[in-house]
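Listed next as structure tokens is one chain, alone, in the form predicted alone.
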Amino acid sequence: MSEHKLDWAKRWLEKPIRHYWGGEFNSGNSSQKFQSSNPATEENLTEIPEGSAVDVDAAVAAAESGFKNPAWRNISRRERARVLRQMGELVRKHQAELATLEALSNGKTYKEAFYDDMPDSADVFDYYAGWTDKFYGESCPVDGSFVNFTQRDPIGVCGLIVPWNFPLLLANWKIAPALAMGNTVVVKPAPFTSLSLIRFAELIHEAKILPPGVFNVVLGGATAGEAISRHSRIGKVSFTGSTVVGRRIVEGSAGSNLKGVTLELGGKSPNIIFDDIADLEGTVQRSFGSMFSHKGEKCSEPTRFFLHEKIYNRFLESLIPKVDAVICGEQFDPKSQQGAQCHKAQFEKILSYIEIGKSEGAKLLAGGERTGKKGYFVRPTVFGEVSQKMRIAQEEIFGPVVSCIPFRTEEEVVAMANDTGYGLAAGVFTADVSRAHRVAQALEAGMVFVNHYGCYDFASPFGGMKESGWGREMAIHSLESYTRLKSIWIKY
């Protein structure tokens, strides 16, 4: 792992943070600022401009100009692929800088930012570079003296609204397929974690690899996000975040131009452990890592452990010492295993849910408290004797809090696992291959992991059902949402 760039980051933060559109950095229309702070120390880092509707309109105008620019509109698919690969190479070349900014503003450990976030933030551009000349239309076997075929056209301006848990990674999950299909983008990062994306914009600007207006960044919070969702000249919005905000995105789209919307929202994912597993310790270790990495701020994390009653006690006897041994600490301390929660409101929300769990009668088995007097640190927390009707078993906490629920039969656990408004991911651990197939097919989740929770690949679709979202990120499936399908009839 390359050494962090903390000294460099402190110097970089001395200059003003600005929006980026039309190939230029802009201070924007609004004088309002958002104070960005280090979650581990609560010290101020810098001020982030609060983008206004006027700022969004300016960025959209720039993106429209970029879309019409022959330098982008008429670029060959091979050249577009080359540009995407260059963008990925920028992330690799500046991996330590970007990881430092990511850890500094998010609170996750530098190791997580460097090893988990940055490689995929770069490689996703290589993956979608390979799709620029492979997403075909089709010839349709129509009756009569006609030739009918379809083609995929770019949408135009795409609004991409990014969350704070994986700021650059999830931005690039959206940017890469959008650009691969020939669109232009207006990206809005979360105000808490805007730094890595702004640095990425600087790198793109300095490298001069994109025509002005193809890649644009508007900073800010709800005002800018609302303006993007309601903008009549944005043809598609991709949003990752909470289900509550996702509903507002849909309302904004419906109230403007009925733009296409992709939503990757919340989760309350079950992880089902049957008593026939061959490797209990390995299953505990995998479940522990999937749940508590990145301080539990992951939409697909397995926040409900359904444990067969025959192994319930043994599972917890192995899990609790691992949880108790976790070292919470500052991002750049090599001993740290869990960083601070991203911001104060999230920190307080997690602590409030811990109190709710206690009041509901769940048994606190580990954690359940903050660590230290400064910083938003929450000990990884395990609740036992949780019933399905408790709020901690139904509502998304988005932190290092897991509910452990015993079960007896396959039918019972499937019913409990599906008894939630969410449907993002699910895990099944069993030695019975027939059971694995039955349960995987019965679970209401967009992704089911059998005997290894948390499998992700660019070639596999990512997303959920029910209140966990619309559409899919990754793979060929994301490309459909960044194009318009046109049917062409020719009489002969």
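Small disclaimer: the values here were computed from a predicted structure and weren't measured. Residues carry their position along the shown sequence, with the first being 1.
The same protein also exists as the form predicted in complex with a small molecule; that form is not shown, yet it is the one meant from here on.
At the 4.5 Å threshold, heavy atoms of residue 322 stay clear of the small molecule in the model of the complex, well away from it. Taking the partner from the other structure, the small molecule in the model of the complex has no heavy atom within 4.5 Å of any heavy atom of residue 48. Taking the partner from the other structure, the small molecule in the model of the complex has no heavy atom within 4.5 Å of any heavy atom of residue 304. Although the partner is absent from this view, residue 398 contacts the small molecule in the model of the complex, with a non-hydrogen atom inside 4.5 angstroms.
The three marked residues, 191, 221 and 266, each reach the small molecule in the model of the complex, with a heavy atom inside 4.5 Å. The partner is absent here; in the model of the complex, the one residue of 428, 63, 40, 424 having a heavy atom within 4.5 Å of the small molecule is 424. Though the small molecule is absent from this view, in the model of the complex it lies within 4.5 Å of a heavy atom of just one residue from 104, 197, 378, 299, which is 299.
Residues of just one listed stretch (233-241, 356-364, 413-421, 78-86) have heavy atoms within 4.5 Å of the small molecule in the model of the complex: 233-241.
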